[in-house]
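Next comes just one chain, in structure tokens: the form predicted alone.
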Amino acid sequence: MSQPIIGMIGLGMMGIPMANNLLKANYIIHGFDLNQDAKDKLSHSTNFKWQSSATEVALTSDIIILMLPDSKIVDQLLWGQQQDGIVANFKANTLVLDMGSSNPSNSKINAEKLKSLGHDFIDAPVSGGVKRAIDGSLAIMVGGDQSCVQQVMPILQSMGKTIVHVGSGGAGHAVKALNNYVSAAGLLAVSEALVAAQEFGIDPHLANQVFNASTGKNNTTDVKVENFMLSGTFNSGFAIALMRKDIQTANGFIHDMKTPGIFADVCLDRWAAAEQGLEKGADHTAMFKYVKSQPKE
């Protein structure tokens, strides 16, 4: 396909910078989001066309990128209640790229259902946050048929730096959920460690400096502690509710595989408690604030 029209549904904090990088690569985008403000943030490009609905995106696009919060929303959009979802309005041989954090089981089913209708499905969730979405250096884990993955590889390379084809339909979303579980476990551990260090009288900035020079270094110590946690800003751009959802997805996947998941159970319990204990809409880095607020054992 020489110059496909790319539809984008879901133009939020991640979707807008991802769309901008596609526009920089001279792709044509037809976009829609329930938030009309997204239109103004992309209208600077003549290659961007705002559509009045998701249905209009489906009618006019060859490849449709979904950047939506969860599988419930994705499934409702695709299939509707009475087979009245946007799939009914697809052009022939439409390819769907689900780049949000969907459930791997749902994604596997969507791949099979779309295939039976003559369409293709790739799950290609991303990791790296808003900063890496802006500079086009996202990590993208991809699930789907090899031929379809090769077809969209130039598109993915416009948004990401590290792109790994991890398996068949649903595999990308499985690895994304597992990645976020590992990340969440690290952030929780760092939060508990820094609070204990402070209680002893150790400057947490110095403790984190040691972590970053030692084996305890991880994404939280490297990126989040100084910028969002010790600064008290708690504004990394990723909500604690979304982190809890991803851990829940990973936990369910681990148990579905009947592999050990004791630590995943504990991690999910602590993140769910923090979500309930913090203000609505709290950033996931506010886990540090939650841990500090807990009574001593």
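The first residue of the shown sequence is 1; numbering continues from there. Source: prediction; values computed, not measured.
The same protein also exists as the form predicted in complex with a small molecule; that form is not shown, yet it is the one meant from here on.
Engineer: Taking 4.5 Å between heavy atoms as the contact cutoff, choose which of V182, L77, V166, L114 touches the small molecule in the predicted bound form.
Structural biologist: Contact residue from the list: L77.
Engineer: Decide yes or no: are N35, L68 and S101 jointly within 4.5 Å of the small molecule in the predicted bound form, with each residue judged by its heavy atoms?
Structural biologist: Yes, all three are in contact.
Engineer: In the predicted bound form, does I73 come within 4.5 Å of the small molecule, counting heavy atoms only?
Structural biologist: I73: yes, in contact with the small molecule in the predicted bound form.
Engineer: Would G216 show up as a contact with the small molecule in the predicted bound form if we use heavy atoms at 4.5 Å?
Structural biologist: No, G216 stays farther than 4.5 Å from the small molecule in the predicted bound form.
Engineer: Taking the shortest heavy atom distance, is G277 within 4.5 Å of the small molecule in the predicted bound form?
Structural biologist: No, G277 stays farther than 4.5 Å from the small molecule in the predicted bound form.
Engineer: How about G186: is it within 4.5 Å of the small molecule in the predicted bound form, going by heavy atoms?
Structural biologist: G186: no, not in contact with the small molecule in the predicted bound form.
Engineer: Heavy atoms, 4.5 Å, the small molecule in the predicted bound form: which of 255-263, 56-64, 268-276, 232-240 makes the cut? Say which one.
Structural biologist: In short, 232-240.
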